[in-house]
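Just the one chain here, the form predicted alone, laid out as structure tokens.
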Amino acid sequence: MYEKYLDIAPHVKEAIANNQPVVALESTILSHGFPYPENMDFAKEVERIVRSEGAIPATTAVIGGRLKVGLSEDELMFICNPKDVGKVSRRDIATYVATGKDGATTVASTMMLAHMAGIKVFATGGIGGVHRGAETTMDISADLMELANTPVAVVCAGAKQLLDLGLTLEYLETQGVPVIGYQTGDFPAFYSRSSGFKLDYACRDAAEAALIVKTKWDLGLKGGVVIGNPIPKEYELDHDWMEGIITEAIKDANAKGIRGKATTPFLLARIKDLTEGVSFGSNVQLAYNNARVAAKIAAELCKLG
């Protein structure tokens, strides 16, 4: 039934039909994460990186109430230079489609669209998770429940460091979501290569990651897989220094009464200001690195059939 709402770019549809590797990409990072025109440069480069590894990029969005998988350059420009482009998660999809609105996809909604299109691998910066203080605010990202239910492998630099990473991992364990380190035994902390939380398994390479992902789904186990890919060493920021920055940013958000879906974009922008742009550069590089690894894993999944 959902097919009547879904537009898959012809080159993406052809690649899926021919068992060629495809990598889904979100658009919230473009419309709400990076400023224009830097976001357009980023969008083009991350797609170029996916292609350089032999895979097809498929950026997702909601445009004019249509679910889009694979954007044209004009559609990318529209999302990158937004006026009334909202931030769309699972709860928002039906409203945006029914009312013909424009929205950028989060991790959760990108997973949804990728699954609808038949794409198995998705590259993002960092997943959402359990926010600090969630024991009183109940602020838990929809990304986690999406990972529990939607069969897409998500390559990320762990969860965003501004979250409660320990509780995020506990939540994922409760929901039966495998969290695999990509050539690391530590859960990455977005800007830092290690959060201090150990993982149960580290895969050696893209082939082993693909085999784990395929085996999970062959066994009939529902949901996705988190593949934690650390930020390259040369772009890593000191964990303790970033903790101080994040603490100050959270205090600012609380003072301004920032809540809900506005929280993460506000914090990322405030962190960028407090680090004088250093965090922005690291954010860009970890996203590029995730796209590169995701393309390799997508290629290995295709080999497995």
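A residue's number is simply how far along the shown sequence it sits, counting from 1. Bear in mind the structure is a predicted one, so any value in this text is a computation, not a measurement.
Below, we refer to the form predicted together with a small molecule, which is not included among the displayed structures.
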Here the chain is shown alone; which of 268, 46, 237, 245 has a heavy atom within 4.5 Å of the small molecule in the model of the complex? 268
Note which of 103, 125, 188, 224 lies within 4.5 Å of the small molecule in the model of the complex, where distance is taken over heavy atoms; exactly one does. 125
Check whether residue 39 has any heavy atom within 4.5 Å of a heavy atom of the small molecule in the model of the complex, and answer yes or no. no
Would you check, heavy atoms only and a 4.5 Å threshold, whether residue 142 touches the small molecule in the model of the complex? yes
Can you check whether residue 87 is within 4.5 Å of the small molecule in the model of the complex, heavy atom basis? yes
Contact test in the model of the complex: residue 29 vs the small molecule, heavy atoms, 4.5 Å: yes
Which is the contacting stretch out of 106 to 114, 195 to 203, 92 to 100, 179 to 187, given heavy atoms within 4.5 Å of the small molecule in the model of the complex? 106 to 114
